[in-house]
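This document opens with one chain alone, in structure tokens, the form predicted alone.
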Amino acid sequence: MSDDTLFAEVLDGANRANPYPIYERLRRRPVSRQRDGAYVVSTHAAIRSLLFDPRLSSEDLPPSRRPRTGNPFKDWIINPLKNRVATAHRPLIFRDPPDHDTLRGFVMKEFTIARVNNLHGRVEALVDTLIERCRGRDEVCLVEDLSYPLPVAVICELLGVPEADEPQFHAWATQLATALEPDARRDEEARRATVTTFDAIAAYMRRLIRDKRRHPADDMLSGLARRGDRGEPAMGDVDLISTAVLLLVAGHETTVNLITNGMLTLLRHPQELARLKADPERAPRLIEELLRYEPPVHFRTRKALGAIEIGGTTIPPGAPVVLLFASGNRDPERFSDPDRFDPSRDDIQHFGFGGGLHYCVGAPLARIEAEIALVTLCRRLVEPRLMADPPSYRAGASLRGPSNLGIHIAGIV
């Protein structure tokens, strides 16, 4: 394969199970221009530098464009207005300062460490309940039985979203996750599906927010929906809806991958599984190594606002940029023996939760969920082993993780 088509190979589903050899080739140049005009940044040092560079913008989504309906009033007046509003009020991961900082400030005011830590016991109970439902079986589908339902239940409880509505937003979340995939952004049909899906989940959130204002509870959505008092600033309704959608979708999609990738890695390294079972105190270090070794998000895209000289390459203004986090996580210039899974390694400065201004706001919660899930699985599943290796993978290259992880077990304790 040609070096200027390597990122296209990353996006190819045939390489989903093991994209790391492609990343190794990309790292031969810290920044490489691809045939489609994108600049892929693949080394740890170059990624870290650009994460804090104000010349790199997160506002790289194409303008919102709703499909024509055949109704002139909607097509020429209503939908263009909706498109302008939607484009101006993207979720905060697609916003630059000062808008990003303002919105993130509202979220962090509600996403407190105390609120997250208070979920610890609830997560433990949920994990035990989900595992107990598998009793009497000799096979477990980790995604269906635990990795998906756990973070969904947790984020619903945190936000105050009725868990009974989960089947409704499952398909919405799957479609919206494609907004991170470059191929889907260029596909007109996929873009229209994303707009339609966002309108549907936004309408759902609008109704839920209205209810939270009438009957506030001790949850994040009630807090975010609270009107400002005595001149205190409050989030605007359009931004509130896009933020609520982001928290609901991102709050479980990445954690599903983290738990599933984590168990897959432990089953491939049975000695580490045994160590974790014998010593659960190893869990925090193990999670950090997992975030380096098999991160839930492999890359994010940006747009250059000005010319950027880096790694012997000039990125021109307006060019799309790919920050290949998972490649930087395995850069031998930064980590010794990077392709070895080693929870004992020191100084694990990974990009498992991104970095810079857009460092994942839900990182503390994701760590808690993954730690409790993996420790409990190691303790309670008897003689677990993979049914297939590699397993089947989800379609996305950015949010990368198995779609199904079958595990043979000899019982549950």
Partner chain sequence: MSERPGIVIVGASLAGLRGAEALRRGGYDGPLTLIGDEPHPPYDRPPLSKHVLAGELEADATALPHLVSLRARWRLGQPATGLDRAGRTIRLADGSDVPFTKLFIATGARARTWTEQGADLDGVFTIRRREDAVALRRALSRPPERVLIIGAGLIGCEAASCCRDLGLPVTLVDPNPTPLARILGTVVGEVLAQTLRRSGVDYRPGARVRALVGEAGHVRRAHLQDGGAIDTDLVIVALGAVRETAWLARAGLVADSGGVTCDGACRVLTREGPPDVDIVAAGDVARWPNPIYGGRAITVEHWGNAVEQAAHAASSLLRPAQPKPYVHLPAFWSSQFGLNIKAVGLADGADAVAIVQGDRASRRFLAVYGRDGRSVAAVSFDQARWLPAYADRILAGAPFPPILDATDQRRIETLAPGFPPLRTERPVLEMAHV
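Positions refer to the first chain, counted from 1. All values derive from a computational prediction rather than experimental measurement.
The discussion below concerns the form predicted in complex with the partner chain, not included here.
With the partner removed from view, the residue among 31, 51, 365, 375 that has a non-hydrogen atom within 4.5 Å of the partner chain in the predicted bound form turns out to be 51. Checked against the partner chain in the predicted bound form, the candidates 211, 96, 157, 124 yield a single residue with a heavy atom inside 4.5 Å, and that residue is 96. Residues with any non-hydrogen atom within 4.5 angstroms of the partner chain in the predicted bound form fall in just one of 344-352, 55-63, 382-390, 33-41: 55-63. Looking at residue 273, you'd find every heavy atom of it more than 4.5 angstroms from the partner chain in the predicted bound form. Interface residue remark: residue 306 is counted as part of the site for the partner chain in the predicted bound form, having a heavy atom within 4.5 Å. Although the partner is absent here, residue 357 lies within 4.5 Å of the partner chain in the predicted bound form, judged by heavy atoms. Within this chain, residue 279 is remote from the site of the partner chain in the predicted bound form, having no heavy atom within 4.5 Å.
Along 9-30, no residue reaches a heavy atom to within 4.5 Å of the partner chain in the predicted bound form.
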